[in-house]
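Just one chain follows, in the form predicted alone, and it is written as C-alpha cells.
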C-alpha cells in the first residue's frame, strides 16, 4: 500500500511539474485563442455594434449572412477559388523554380536572389506596382501585348481577369517557397538518383519515385500554410480593387470592397466591412467563424490525404 501511495505521489508531482513547464503556453493559448474563439461564438448570437451592450438575437445573424447578405456567397466563391487555384499555382511554380535553380551550375546565386527579392516587397507596395504595370490603358504589359498583336486584358478592371492577376502577383512573390523547396531538394540523397539512373529511370520517373516522396512533407507544409494564407487574403485584393476603381482617398472615404463586380471580394474583407464599417459585430463574427471552420476543414482534409503525395511507392 505504501509503495502504491508513493508511486501516485511521484506521478502527481510529475504531472504538476509538466503543467508548470507548459503553463506559459497554456496561458497564451487560453488568452489568445480559446477566449477570442468563445467570444466570437457568443457575439455571433447577439446584436452588437461595439458601443452598446450585446443583445441576444438567436440565429438572426447566421440567417442574415447566409440568406440576405449579398456579398457573402461571392466572397465565399472567390476565397475558394484562391485556395484551389492560387495555392496550387504557387506550390507548383515554387517547386519548379527550386528544381531549376538546383540544376543550374553557374549563376545560381544571382537567380536565387532575383526570385527571392520580390518576396521582400511589402504587400501594399507590390500590389500598387502590379496595378500600374497591368493598367489596361497605359500599363507596359498591355502596351507590349498590343505591340506583338496579342489581346490585352482588362486585368484588375475586368471581373474575369482580376483573380488571375492576383494569382500572377502571388507567383511574383514566390521566393519564400523557392527557398524552402531548394533546401528540401538539396537534402534528397544523391545515391538514390544514381541508382535510378543505373536502372534506366528517366527524369519524370526520378521525380515521381524519388524526388516527390522525399520532399512530400515539405510539399504538405507549403500547401497547408498556403491555404491558411489564402484564407487570410485581405490587403492585396482590397488595395487592387481600390486603386483600379480610382478610390485612393484617405481613411474616411467609404469603399464597398470587391471591385470589379465583386471579383476581388474575400471573406476577410467581409469581416472588416461588417465589423468596422457597418458596426455589425454579430454578423462579422459569423463570417469569422465560417472562415475558421473552412481553414480547419481544409487543414484536416490535407493532413488526412498527405499519404497521397508519396504515390504508389508508399
Partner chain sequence: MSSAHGPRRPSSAALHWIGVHALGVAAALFFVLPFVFLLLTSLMGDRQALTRDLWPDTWEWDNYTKVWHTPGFLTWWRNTLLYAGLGTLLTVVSSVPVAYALAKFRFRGRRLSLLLVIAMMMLPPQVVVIPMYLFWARQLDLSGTLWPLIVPMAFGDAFSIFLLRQFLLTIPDEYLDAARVDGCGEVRTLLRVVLPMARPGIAAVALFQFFCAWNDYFGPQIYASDNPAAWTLSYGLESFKGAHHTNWNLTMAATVLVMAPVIVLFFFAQKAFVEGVTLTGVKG
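Computed from a predicted structure; not experimentally measured. Note that the rigid core is defined as the largest set of C-alphas that superpose within 1.5 Å between two forms. Residue numbers count along the first chain shown, from 1.
Separately, the form predicted together with its partner chain exists; it is not shown, and the next lines address it.
Novice: Indicate whether its partner chain has at least one heavy atom within 4.5 Å of a heavy atom of residue 56 in the predicted bound form.
Specialist: Taking the distances in the predicted bound form, the answer for residue 56 is no, it never comes within 4.5 Å of its partner chain.
Novice: Can you check whether residue 17 is within 4.5 Å of its partner chain in the predicted bound form, heavy atom basis?
Specialist: Output for residue 17 is yes: heavy atoms within 4.5 Å of its partner chain.
Novice: Could you tell me if residue 122 has a non-hydrogen atom within 4.5 Å of its partner chain in the predicted bound form?
Specialist: Close contact exists here: in the predicted bound form, residue 122 approaches its partner chain to within 4.5 Å, heavy atoms only.
Novice: Taking heavy atoms only, is residue 242 within 4.5 angstroms of its partner chain in the predicted bound form?
Specialist: Output for residue 242 is yes: heavy atoms within 4.5 Å of its partner chain.
Novice: Can you pick out, from 227, 220, 85, 168, the residue that has a heavy atom within 4.5 Å of its partner chain in the predicted bound form?
Specialist: None of the other options qualify; the answer is 168.
Novice: By the heavy atom within 4.5 Å rule, which residue out of 128, 216, 76, 89 makes contact with its partner chain in the predicted bound form?
Specialist: It is 128.
Novice: Hey, which residues along 193 to 219 are within 4.5 angstroms of its partner chain in the predicted bound form, non-hydrogen atoms only?
Specialist: 193, 194, 197, 206, 218 sit within 4.5 Å of the partner.
Novice: Once you overlay the rigid core, does the Cα of residue 32 travel 2 Å or further between this form and the one not shown?
Specialist: Yes, because once the rigid core is superposed, the C-alpha of residue 32 moves 2 Å or more between this form and the one not shown.
Novice: Could you check, with the core superposed, whether the Cα atom of residue 67 shifts 2 Å or more between this form and the one not shown?
Specialist: Shift of 2 Å or more: no.
Novice: On a core-based superposition, does residue 261 travel 2 Å or more at its Cα between this form and the one not shown?
Specialist: No, the C-alpha moves less than 2 Å.
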